[in-house]
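Okay, here we've got a single chain as structure tokens, the form predicted on its own, with questions on binding and movement later.
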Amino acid sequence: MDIDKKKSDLILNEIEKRRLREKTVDVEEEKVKLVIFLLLDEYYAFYGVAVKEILPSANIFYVPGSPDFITGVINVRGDIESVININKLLGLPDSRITQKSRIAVAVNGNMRSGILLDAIEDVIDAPLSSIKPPLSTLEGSKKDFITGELFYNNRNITVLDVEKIFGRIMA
């Protein structure tokens, strides 16, 4: 019995020594906030740093003579904001405005505008490494605005760049 106890003590001591030698250091991976939204049953995201607030899509006023990608304007606590129809820029058919439709007020530099979305799906903190570069084989108008892709909740999410969207509008 005494020999078995010594053996088990030796084994336990050896396990403890190995555990201490192989101790790993957990490093907190850099995360980025993403606002995930729907456009015509496809999932997209904006970086959270670009989205300042999310509003219901009520009372969008049409402005005669505005470009086709401008849906109209809204009143946000006394400030007039334009509302972009992102579907037009991405080469997608127009969406119907529903109870789930939202306006993401986005900011980049000195430009600020609302962007009409079909619905907000989620706001997450994703590891930066989970965002992969966009496929080089992408075609169409979307590719100019895509900054990356990630897989979230069994869905492929296309990450769009607000700076590139605003850049196209200003061009």
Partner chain sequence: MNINGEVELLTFNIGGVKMGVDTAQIAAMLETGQAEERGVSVSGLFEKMPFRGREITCSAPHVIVIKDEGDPYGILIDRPDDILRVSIDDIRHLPPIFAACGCSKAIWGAVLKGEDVILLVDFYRPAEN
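Positions refer to the first chain, counted from 1. Quantities reported herein were computed from a predicted structural model and do not represent experimental measurements.
The same protein also exists as the form predicted in complex with the partner chain; that form is not shown, yet it is the one meant from here on.
Colleague: Looking at heavy atoms inside 4.5 Å, which stretch does the partner chain contact in the predicted complex, given the options 37-45, 60-68, 123-131, 100-108?
Modeller: Comparing against the partner chain in the predicted complex, the contact stretch is 60-68.
Colleague: Give a yes/no on whether Val73 approaches the partner chain to within 4.5 Å in the predicted complex, heavy atoms considered.
Modeller: Val73 belongs to the contact set for the partner chain.
Colleague: Although the partner isn't part of this model, could you tell me whether Ile84 comes within 4.5 Å of the partner chain in the predicted complex, counting any heavy atom of the residue?
Modeller: It does: once the partner chain is placed as it appears in the predicted complex, Ile84 has a heavy atom within 4.5 Å of it.
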